[in-house]
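Just the one chain here, laid out as structure tokens, in the form predicted alone.
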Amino acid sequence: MRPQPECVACILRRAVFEAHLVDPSKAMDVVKGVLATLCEKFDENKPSIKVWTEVHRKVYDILGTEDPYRKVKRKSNDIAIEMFPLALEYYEKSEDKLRAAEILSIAGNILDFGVSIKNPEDFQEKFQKILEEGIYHDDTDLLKKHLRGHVVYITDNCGEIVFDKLLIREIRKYVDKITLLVRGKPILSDATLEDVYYVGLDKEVDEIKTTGIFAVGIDMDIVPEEIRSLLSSADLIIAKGMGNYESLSETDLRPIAYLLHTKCDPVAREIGVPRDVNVVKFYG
């Protein structure tokens, strides 16, 4: 996916949000750094994630931190763990358990600080609303046809990974092996290996790999060869969230299913759906 005009305002808002998480006195320096980076790097012909990665690298350098979201990530994990019994009850009462697990997993996708919500507590109010909305674009039947062999499951946000447990348990019924792929280094509110162990997601899968890099989404140009091989050989890739969609939608990785909530107009347009809807989009 390529950058769109609306993305500039969005990335500036997120950068200011990050500054306020760490040191509000540096907010102006952050804005100046982001503007300078955008003037140098913003290019409608360059994959969007490459631009966003450079922007966040600059912001983190100015703030002097490797993880501005560390506290809210832990809090979102804790809130999701607290809410998990409600999710489990919804799942167990559902007749179509695969779709129930998908919508629960997508509901967790709104735990995206600086975009969907400002603090973890907001999630509790939105969770039920997402479940009631259901799946707007639903390629579940196509996804189900490809549930076999080795599935690579690419995570997204902290908190969200708690609800991924139910979808992974459901996938387990159909496949031989599940590999979890998480961010190699902290970026945004995305889950890292530390978070996976914290919420117990490691117990649900056969193996865990990290991208090994600092990047928004999965930058196939710079991930280790091991990860490129893992993704290209999978019988199915399940990718959570917009960052993974932005980074992988221009690759030839197939079959792949994206599960996300459309939190911005550019991603919604690319997929061909409205903003603020729940999506299971399959490419075979």
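Numbering starts at 1 and runs along the sequence shown. The shown structure was predicted, so the numbers you read here are calculated from the model rather than taken from an experiment.
One more form of this protein, predicted in complex with a further copy of the same chain, exists but is not displayed; see below.
- Though a further copy of the same chain is absent from this view, in the predicted complex it lies within 4.5 Å of a heavy atom of just one residue from L231, A27, I62, M220, which is A27.
- The putative spot formed by I81, P85 and F127 is not touched by a further copy of the same chain in the predicted complex; no residue has a non-hydrogen atom within 4.5 angstroms of it.
- Segments offered: 40-48, 235-243, 63-71, 249-257. Contacting a further copy of the same chain in the predicted complex at heavy atom distances within 4.5 Å is 40-48.
- Taking the partner from the other structure, a further copy of the same chain in the predicted complex has a heavy atom within 4.5 Å of a heavy atom of K32.
- In the predicted complex, a further copy of the same chain sits within 4.5 Å of a heavy atom belonging to V16.
- Put simply, V273 is far from a further copy of the same chain in the predicted complex: not one heavy atom of it is within 4.5 Å.
- In the predicted complex, a further copy of the same chain lies within 4.5 angstroms of at least one heavy atom of each of the following residues of 1-22: P3, Q4, P5, E6, V8, A9, L12, R13, V16, in sequence order.
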